[in-house]
Structures are given as structure tokens and as C-alpha cells.
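Okay, here we've got a single chain as C-alpha cells, the form predicted on its own, with questions on binding and movement later.
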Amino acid sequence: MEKILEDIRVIDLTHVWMGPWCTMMLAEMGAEVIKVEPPWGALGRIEERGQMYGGAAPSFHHLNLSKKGLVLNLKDSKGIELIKQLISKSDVIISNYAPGTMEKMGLGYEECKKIRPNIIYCVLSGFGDTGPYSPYSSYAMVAEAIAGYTRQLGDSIDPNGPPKGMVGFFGDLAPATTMAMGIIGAIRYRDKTGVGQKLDIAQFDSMFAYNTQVTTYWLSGKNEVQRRAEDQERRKNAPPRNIDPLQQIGGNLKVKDGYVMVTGMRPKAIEALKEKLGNEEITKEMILECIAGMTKYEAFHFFAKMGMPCAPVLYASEATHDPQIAARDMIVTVDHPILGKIKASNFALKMSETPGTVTSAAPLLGQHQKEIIMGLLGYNEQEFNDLVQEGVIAYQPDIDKYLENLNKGN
């Protein structure tokens, strides 16, 4: 076995960020992931804001690597019949449609079990299948807000100010990663017992579980406002004590071309810094003066070689040029039918026996129609063309040209 999931087929009925991140992880571990889109394309192909590249947003390219593209009109009964045929030949089906949508299409868990009794049926949603909020819709920022992160971030900036939204859609990526882990666990269970199951991940549940502040509350019995007031009172009444200057300035330190982040002041590192500066009584001013003429990378190595946890503060674009990223093989080049050779982020987990890898760029809309409808499901050319004419599937003639060029290496 070269890839840990090489014998697994996944039907991906997801969109936006949460579902695609989960299925991309599975694809990079070897699963055959069939991304099903409506004839007009997933949300990432619809130009709403920002620049589009090769017919899709950058986030679409980022989140749909290594997948196969299939277009099905699931508003048509023949489209539903096709997806059911796919279910019969698949191991996992995953969706993040609005609550109740799968059931309305006749694709609820009980129906899918009739088609494939040991199917692993995965549902990603804002609030899960049960509870008073289960019918409600959600996005990453909704989950981040209700689970405490948005208020917590705002308070860390200004306790009297407004909440602050997080960057990077953690409210999507964290639950999606949890679901990917659950799917692998369910596959392992099925390998042992032959039994499939339903997996239900809610953004709120996952984000709540990630937030250690809830345990602080349970242990202390006091909420964030009460604890902050107690901390302020304790500091006010505490006897004076000598605090190492580095502990006072830990955080983002200014250098000539930006900032370096320094944190976790270790005693040995502080002693090394004192020796470097030639003074047993170093001050904040001395430290800042020492690094003022350094670049952020020079300051990073200056502190890191002393044993201090630190990093240059980078934009994402700068991180792509970092030598550590190159050394870890975190950037790969893939061939896109329209854009040509493009760079992509590689699978982050290093596995000694079954390494995960990116195998292809995000698919064009309907790129693998013939491979799936004819090759996997057994339809002939005429039947395929009839489905196109009826609007059940979509096929762009240009795809043949793009794929021909791709195969030639153009």
C-alpha cells in the first residue's frame, strides 16, 4: 500500500471551506475524491469579489487539490439516480448542505444505507443534527462567535472595545479536520466489523471543544470578566518584584523591516542574551536598540540561537519563500489545464510509510465527467450525450482540448 486511503472512494457534496478542506485531506492521503458540483459550479467558481484565476477563486484552487470533478444537476431525478449509482460504488459520502437538504433529495442516511449498507455517511453543519439550533445555518465566523473566540480576541485587544473576528476561517478548518480524523476512524472500524456509520460534526461542538477557556471557567467558577477584574486587583496589590525586561517586551518587537515575535522567555536564553550584550543588567531599551538595525530574519536567528521561541512576522506571501517551508517540501508544482504549472501547498503531515501528497490541481468544472459517468458507471457515449442534452450533467467541449494539452505537457 503506497497511500493509506488508496482503496477508498469519497463522494464530495461540499462547498465553501469546511467540507472541501476535509475531503482534500482525504484525497492527499490517497482517497479518490469525486467533487460533485451543480451545472453552474460551486460557490468558489462564482465571481462575487476578488480576482478569479482559471475560472475559480484562489480559495477554490487551494481547497480542491487532488480531486476529480463531476457536474450533476441534483434538481433532476436522473441526477439523483446517478448519485445513487455512485453511492453504490463508494465508501464515504460527505455533505455540508443546509440542514434537511439531503433528506429532501432522498439522500438521507437511512436511504443511503439501503443503497450501500456499510456506507460512511458524513454531515458537516453549524449546529449538528440535534438540539434547538440544529435547523440554523452557520459559517466559520458564526461558530467562532458563539464558541467564545470573537469576544475573547476583542478583549485581548481592548476589554472595553468590540469583538474582533478571527483570520483564516478557523471555525471551518478545525471542524473539518476533526471530521477527517473521524472518517479515518470510521474506516478503521468498518475494516474490523464491516459496519458503516453516520458521522455528525457541528462547528459549534468542535470550536467549543477546542476552547480551553471553558475548562478555566469550570475550574474557577468565574467568568472572563470576573477573572480579569481579579487579575487586575491581584497585580495592583502584589508586592513589587523584579521582572526580567524580556518578559516585559515579549511579543512583536520592531526591527528595521518589520517585526519579530519573541515569546516564552527561557532562563538559559536570557542568560545567553545577557552575555551577548555584555551586561548583567540588561534593559528593554538595550534589547530594542540591539535589534533595531536588524532585519526580521536576522533578529529571528539572533534570538532563536539563544534558545528563545521566536519567529519573523510574515505575510503569507513571504512565508512561501521561507527556507524551512522549502526544506519540508511544503510547496509542490501541479499542472492546471488552463493555468499551466502552478504551485500548491503540500500535505502537511509527514508519514514515513504512506506519505500523503498533492496529485493534481483543483479540477475544472466537470473535468472528469466521462471518466466517472462512462468509465465508473458504465454509460456509453450515446447515453452520456443524452444526459448532457437533458441538462442532467454538463460537459464543456473545451475540456477535451485542455486535457489534450495537459497530457502533452503544454
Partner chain sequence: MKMPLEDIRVIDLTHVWFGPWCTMMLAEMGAEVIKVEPPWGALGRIEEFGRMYGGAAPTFHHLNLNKKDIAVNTRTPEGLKLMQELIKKSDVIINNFAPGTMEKMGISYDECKKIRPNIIFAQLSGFGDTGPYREYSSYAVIAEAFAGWARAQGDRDDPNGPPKSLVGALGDLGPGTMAAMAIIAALRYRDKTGEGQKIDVAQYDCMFGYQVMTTNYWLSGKTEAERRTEDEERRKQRQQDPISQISGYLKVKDGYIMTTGLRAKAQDALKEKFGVEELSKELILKEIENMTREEAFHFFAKIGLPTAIVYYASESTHDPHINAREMITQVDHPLLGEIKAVNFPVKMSKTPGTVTTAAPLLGQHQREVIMGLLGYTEEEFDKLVQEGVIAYQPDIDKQLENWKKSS
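Everything numeric in this text was worked out from a predicted model, so none of it was measured. Numbering follows the first chain given and starts at 1.
Not pictured, yet referred to below: the form predicted together with its partner chain.
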item: Every residue of Ser66, Gln85 and Asn118 near its partner chain in the predicted bound form, heavy atom within 4.5 Å; value: no
item: Partner-facing stretch of 175 to 183, 76 to 84, 100 to 108, 281 to 289, counted where any non-hydrogen atom is within 4.5 angstroms of its partner chain in the predicted bound form; value: 175 to 183
item: Touches its partner chain in the predicted bound form: Gly165 (any heavy atom, 4.5 Å); value: yes
item: Met25 within 4.5 Å of its partner chain in the predicted bound form, heavy atoms; value: yes
item: Contact of Gly131 with its partner chain in the predicted bound form (heavy atom, 4.5 Å); value: yes
item: Leu376: touches its partner chain in the predicted bound form, heavy atom cutoff 4.5 angstroms; value: no
item: Listed residue (Ile372, Leu365, Met29, Val36) with a non-hydrogen atom within 4.5 angstroms of its partner chain in the predicted bound form; value: Met29
item: Partner contacts in the predicted bound form for 329 to 358 (non-hydrogen atom within 4.5 angstroms of its partner chain); value: Met330, Ile331, Leu339, Ile342, Lys343, Ala344, Ser345, Phe347, Ala348, Leu349, Lys350, Met351, Ser352, Glu353, Thr354
